[in-house]
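We've got the same protein chain twice here, in two forms, each standing alone as C-alpha cells: structure 1 and structure 2.
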Structure 1
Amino acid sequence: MSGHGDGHIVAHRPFPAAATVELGKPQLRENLRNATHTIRDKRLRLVAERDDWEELRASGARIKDGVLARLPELLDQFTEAATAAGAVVHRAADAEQACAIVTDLVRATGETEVLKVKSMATQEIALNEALTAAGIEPVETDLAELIVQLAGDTPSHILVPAIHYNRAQIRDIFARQMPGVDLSTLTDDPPALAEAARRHLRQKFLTARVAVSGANFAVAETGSLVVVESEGNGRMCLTLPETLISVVGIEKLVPNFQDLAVFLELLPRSSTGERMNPYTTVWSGVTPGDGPQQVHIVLLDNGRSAVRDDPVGRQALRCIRCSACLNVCPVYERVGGHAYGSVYPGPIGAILSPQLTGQAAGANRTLPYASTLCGACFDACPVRINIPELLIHLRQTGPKPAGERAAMRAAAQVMRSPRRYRSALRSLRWAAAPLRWTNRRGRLRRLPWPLSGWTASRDAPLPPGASFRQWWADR
C-alpha cells in the first residue's frame, strides 16, 4: 500500500463546525450565489452547443482510466522524453519532499523572489509557506490568487480563488495592500482593478529570474507540459524567467496530443464557459536562446498512488480541476470553500482530500458528509466522476465513533433474526407509547446523549403505534 499525502489538504476543523461559521456571513453567500450562477449558466449554454458532449465526457473518462491503469509506464515515458528535451525531472513522494526540492532549486539560483503561476499543486504542498520560511518571497501572478495573497487569505474556489469577494471588497484590498497603487484612479470597476494589477505585476515580470508553475496536463509521448489560462500572466511567467520550476501531480499525464485534444474541449466549457481558453502554452524542455534555460519538473505523488490503489476511489484522479461540480453544489453555494479546510473544496474536495490523506487525518473524515447526494456534481463532471458513489463509499469505509460502531453492530445482530427484529420493534413501540400520547407532532426535537447528535440538526420521528404488517392485517 502506498503512503498518504499531507499539506493544505488536511481539514483542521470538522465540516459542520466550520460550515456553521461560514453560514453566518450573508455577504459571502450573496457573492457565491452571484458568481456560481453566472458561471453555471455560461457552462450550460456552451455545453449545449455540442451534440457529442456525452461522447466527449465518456472519452475523457476512458483516457484518464487508461492513464491510471498504466501510470508507472507513462511516468517513465514522460521522464525519458522530458529529459531528452533538456528538462531535469524530479520525483517527490510527499509535500515536504516537494517543498524541499523546489526550495533548494531556488536557493541555487541565488534569488530571493519567485513568480508563481496559478497552481493547485503548489497550494496543496504549502509551497508559499516553505519558501517564505526559507527567506524567499513568492509573488502570485494570477489575478484571483494575487487578491487572495494581498488579503492574507486562502483560496475558496478551484478556478476562482477570490470568488468570495465582490468588486468593492477587492478595491479595498488593493487600496490597503498593493504597493504603489494609484488611489486617484482606483475604482471598483473591473477594468480599473485589472489595470492596477497589471501595473503592479509588470515590473515583476520584467525583473524576475525564477518562476514556479503548475500544469494542467503533461504529455507522456513528448515530455511536454501544458498550461491553459485566461489572463496571459501565466505565459509571461512561463517564458520570461531564466529558471522555470513546474510542480505537477502525477495524475495530470495524458498519453499523447490526440488525447490532449479531448481535454482541451472539455476543460474550458466546464470551467469558464468558453469554447477554448484564451491562452494555451505548451513547452518541452529547453529551447536554446528562447525561454527559460533551466527547466525543472517535480512530479508529485502526495497520496495519489494510495488513491490509485482503491479500485472504487481511483476515479477521483480523473479530475481536471474544472470546478464545475462546485458551481452546481447546493452545499458549496451556501458555505463556500473555507468550510472544507482544504485547497480542494466542494464535492471534488469532499472525496479527493480524504483519499489523499487517509480519512484519519485531521477532520477529513467529516468531508464525505458535506453533501446532499443530489447528484448534480456527477451530471456536471466532464470526466464522469461518480462523486455521489464515492461519497457513500467513503462514508462506509471511513472511521466512525466507538458508540456508532457499537450501535451498528447491535442493530446488525437484531436484524439478522426476524424474531429478534419483531421483538425489538414491539419493545420500542411500547416504550414510546407514553410519548405518542403527549406529543401530537409525532416528532422529538431533542434526544439525550449520545442520541443528541441526531437531533442537533433534525427531528427524530416517534415509532408508530403499529407495524406495517399489523396495519395491513387490520384492513
Structure 2
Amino acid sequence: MSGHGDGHIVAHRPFPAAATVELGKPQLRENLRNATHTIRDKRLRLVAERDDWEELRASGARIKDGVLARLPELLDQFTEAATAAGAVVHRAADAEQACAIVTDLVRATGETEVLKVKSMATQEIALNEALTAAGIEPVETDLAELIVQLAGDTPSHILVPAIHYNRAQIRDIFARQMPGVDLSTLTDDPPALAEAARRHLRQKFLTARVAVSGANFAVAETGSLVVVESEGNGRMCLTLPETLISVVGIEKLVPNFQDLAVFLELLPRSSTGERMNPYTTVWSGVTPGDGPQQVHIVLLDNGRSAVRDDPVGRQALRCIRCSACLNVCPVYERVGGHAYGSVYPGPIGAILSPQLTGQAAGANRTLPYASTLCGACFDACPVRINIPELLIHLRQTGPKPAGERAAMRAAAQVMRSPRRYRSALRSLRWAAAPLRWTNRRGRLRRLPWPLSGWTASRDAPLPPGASFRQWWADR
C-alpha cells in the first residue's frame, strides 16, 4: 500500500466556508474575471488554429497513460541515464523527506540564499517554509511568484500565482516590500513593474551559487529535465549557479524526445495561449565547464503512487499543470485559488489534492463538491482528464454526512418502486395544497434547512395541482 502525500495540499477550512470569505471581495472577483477571460479567449483562438487538436489531445493522454502503466521501469531508466550523465538522483516518499533532502544539499554548499525557479512541486512540499526554518533564504525569480512572496501571500493560480492582484495592487506591493525600489519611476505600467523586478533580481542572478527548480518534463531515455517558461528568469537560474537541485514529481516522465514534442505543442497553447513558449531549457546531468557542476534531482512521490493504484483516479496523473481548467472554471472564476486551500486550485485541485492526501486529510473531502459538473474543464484539458468523472468518483469513495446518506437512501427506496414513487408524487401535491391557497404568487421565498441554501437567492415554485401522470391518466 502506497502512502498518502502531505505539504501545501491540504485545505484547512471546508470549501463552502472558504469560498464565502473570497466571495466577499468584489475586487478579487473582478481581477479574476478579467484575467481568466483574457487567457481563455487566447487559448480558444490558438487551439482553433490546429485542426489536429483532438488527435494531439488523444496522443497526450495515450503517452501519459503509457508512462503511468510502466512507471517503475521508466523511473529506473531515467535514474540510470541521469546518473550516467553526472546527476545525483534522490527519491523522496513525501514532502517532509523531499524538504529534508533539499535542505541538506543546500547546507552542504554553505550558502544561505537560494534562487528559485517557479515550480509547483516545491510549492507542494512547502519548500520555502522548510528552507526559511533552516536559516536559508529562498528567492522567487518568476515575476508573479515574486509578487506573491513579497506580499507574504500564497499563490492562487498554477500558472499566474498573482492572478488575484491587479496592476495597481502590484505596484503597492513593490513600493512597500521591494528593497531599494526606485519609487520615482515605479508606476503601475507593466513595463515599469517588470523593470523594477528585473533590477531587483539581477543582483541575485549574478551572485547566487545555488538554485532550486522543478521540471515540466523528465525524459526517461536520456535522463534529461525540461523547463518551459515565458520570462527567461528560469534559464538564468538553471545555467548560472554552481549547484542545481530539481524537485520532480514522478509523473513528469515522458519516454523519449519524440513524445516530448507532443507536449511542447499541447502545453503552451493550453496554458498561456501561445504557439510556442519563449524559453525551453533542456539539460542532462553535468556538462564540464558549462552550467551547474553539481546537479541533483529529487524524484517526488508524495501520494502519487497511491493515486496510480486507483484505476479510475489514475488519469489525474496525466496533468501537465497547464491551468486551462482553472481559466474556464466558473467556480474558480468566482472564488480564486485560496478557497481551495491547496497549491492546486480549480478543477484539477478539486480532484488532485484529495487524491494525493487521501480524503480524510483536513477539509479535502469538501473539494470534490466544489463543482457543478458543467464539464468545461474536461473540454479544455489538453490530456483529456475526465475531471467530472473523477469528481463523482471521489464523491463516491469519500466520507458522507450521515443525515444526507439516510435521506439519499430513503429517496432511492422510493425511486426504485413505481408504487412508492406514485404515492410520493401524490403526497407532495397534498402537502403543497394549503400553500397554493395562501400563496398567490405560487412562489416560496424561504425553505427550511437543508434547502435554506436554495432560497438564499432563489424563489422556489410550488408544485402544481396535478402531476403529468394524472393528466395522462385522465386523458
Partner chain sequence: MRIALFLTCVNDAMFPATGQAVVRILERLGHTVEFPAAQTCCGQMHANSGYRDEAVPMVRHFADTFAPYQAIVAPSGSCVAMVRDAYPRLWPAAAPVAARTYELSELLVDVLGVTDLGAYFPHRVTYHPTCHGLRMLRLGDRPQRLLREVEGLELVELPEAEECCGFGGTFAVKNSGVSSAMLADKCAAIGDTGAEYLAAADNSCLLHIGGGLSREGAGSKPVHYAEILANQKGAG
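Just so you know, these numbers come straight off a predicted model, no measurement behind them. Here, residue number means position along structure 1's sequence, counting from 1. If you superpose the two forms and keep the largest set of C-alpha atoms that fall within 1.5 Å, you have the rigid core.
Colleague: Between the two chains shown, which is the form predicted on its own?
Modeller: Pick structure 1 here.
Colleague: Examine Ala466 after superposing the rigid core and state whether its CA is displaced by 2 Å or more between structure 1 and structure 2.
Modeller: Superposed on the core, Ala466 moves its C-alpha 2 Å or more between structure 1 and structure 2.
Colleague: Superpose on the rigid core, then tell me if the C-alpha of Pro16 is displaced by 2 angstroms or more between structure 1 and structure 2.
Modeller: Shift at Pro16: below 2 Å after core fit.
Colleague: Can a Cα shift of no less than 2 Å be assigned to Tyr421 between structure 1 and structure 2, given superposition on the rigid core?
Modeller: Shift of 2 Å or more: yes.
Colleague: Using a rigid core fit, what is the CA shift at Trp454 between structure 1 and structure 2, in angstrom?
Modeller: Here Trp454 registers a C-alpha shift of 8.0 Å.
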